[in-house]
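Okay, here we've got a single chain as structure tokens, the form predicted on its own, with questions on binding and movement later.
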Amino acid sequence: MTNNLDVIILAAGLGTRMKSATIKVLHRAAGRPIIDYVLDLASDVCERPPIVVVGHQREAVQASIDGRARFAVQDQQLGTGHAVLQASAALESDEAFASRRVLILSGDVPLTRAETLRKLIAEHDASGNALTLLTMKLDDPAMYGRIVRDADGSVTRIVEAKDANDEQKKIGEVNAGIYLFNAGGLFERLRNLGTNNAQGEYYLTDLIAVLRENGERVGALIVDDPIEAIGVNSRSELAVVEAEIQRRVVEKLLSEGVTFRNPTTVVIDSTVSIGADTVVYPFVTLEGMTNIGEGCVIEPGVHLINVTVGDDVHLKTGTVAEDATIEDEATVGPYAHLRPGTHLGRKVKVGNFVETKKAVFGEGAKASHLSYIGDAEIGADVNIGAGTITCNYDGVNKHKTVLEDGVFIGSDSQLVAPIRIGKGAYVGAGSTITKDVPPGALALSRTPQRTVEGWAERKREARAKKE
């Protein structure tokens, strides 16, 4: 990280090829807006907060960045040179600015690595350049600007694809859209740019000719992996970017001791953390601020959003959870659904086709089969039988169910809230409980069983006579 640097991030363009009502820098990749990755990059190489040049949907962009940057506004999108010029008011007032360097990044290029920018800075300083570009070599340069060099390897110009002739279009080295300038005189030169090009815009790249005419050197550093410079201008490019970010996330987690049975099938946000010795099976989706502890097993089809998982937890096939907490040694699923507000204590078991919502389970509690537990406080070592439901909604308000420690709820019971079942009490199977049950009691609400001898035979005989 250096203090002799300012960073400008260009983020004013809408991105019409995205075919979206949302500006392209706010489209998400691996759980975060793509501009977030560029902001991370800026903070890795520069001590001062960057200046983000905003235009389209600037309020939304500013709200998303939320204090991580300073802002300049480009009301009319008149090209990259014009965009950079909008940062002049924020930078020229600093007396030390002229002695620094200016790194220009694009808000839609999220894959560049900090070590690549450090190489760019080192190359700029070692070569005595006034401008050093990041470039890449592509088999199909498509719409990228072509790099034209002279005999000593210095850059003479960049020809935009729309302005290139047939010979220039054959050049494989192209502009990656990242620039490092000496700050002195930068904005004055931008003010003097013209618009003699196919787009009628102020091209930042036109400064190459200006610098060379002034006897200053322009150099370039070729990035090792062109994917670092890919910009997001379409949905297909966004998909490529997301796949690469997820690949990097998995690669990092593998190096930290996590096992992925088939890493290419996992969808995982860059905000997710996983502890060592956890095993992640195929077709798992981990989103948001999900944090998984050590020694866990995450079976196929598990989908977690903003879930905290302790150590040695077993999440079985098809478990879905959101805004929930699962403590150490718990077992969940298969096909359980933990809705927001669920908190499972240590060694809790929530089994197949159990749904929970705003339910807190004490240590060792169990709801093993086919139950709904909502707006509930479940004590330690409670056993909830199959088919039990908490009737928590009266059509207007939600009410709470409390099961104290050691309660046993028989199968197919309905607990009509608000209700409290006291410590160690039992509820017989098939009961509808509408009143509090004191500690240690047995509560039943069954209709007495009636057995009619010979009924089935008489029913068959009556049917036969009708036929």
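Numbering starts at 1 and follows the sequence shown. On a predicted model such as this, the values are computed, not experimentally measured, just so you know.
This protein has a second form, the form predicted in complex with a small molecule, left out of what is shown; the following refers to that one.
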{"item": "Contact flag, Ala330 vs the small molecule in the model of the complex, heavy atom cut 4.5 Å", "value": "no"}
{"item": "Contact of Ile158 with the small molecule in the model of the complex (heavy atom, 4.5 Å)", "value": "yes"}
{"item": "Contact test in the model of the complex: Ile292 vs the small molecule, heavy atoms, 4.5 Å", "value": "no"}
{"item": "Non-hydrogen atom contact Ser106 with the small molecule in the model of the complex at 4.5 angstroms", "value": "yes"}
{"item": "In the model of the complex, the one of Thr80, Thr278, Thr116, Asn392 near the small molecule [non-hydrogen atom within 4.5 angstroms]", "value": "Thr80"}
{"item": "Listed residue that, although the small molecule is not shown, lies within 4.5 Å of it in the model of the complex (heavy atoms), from Thr325, Thr205, Asn129, Gln246", "value": "Thr205"}
{"item": "Answer range among 350 to 358, 171 to 179, 220 to 228, 186 to 194 for contact with the small molecule, defined in the model of the complex as heavy atoms within 4.5 Å", "value": "171 to 179"}
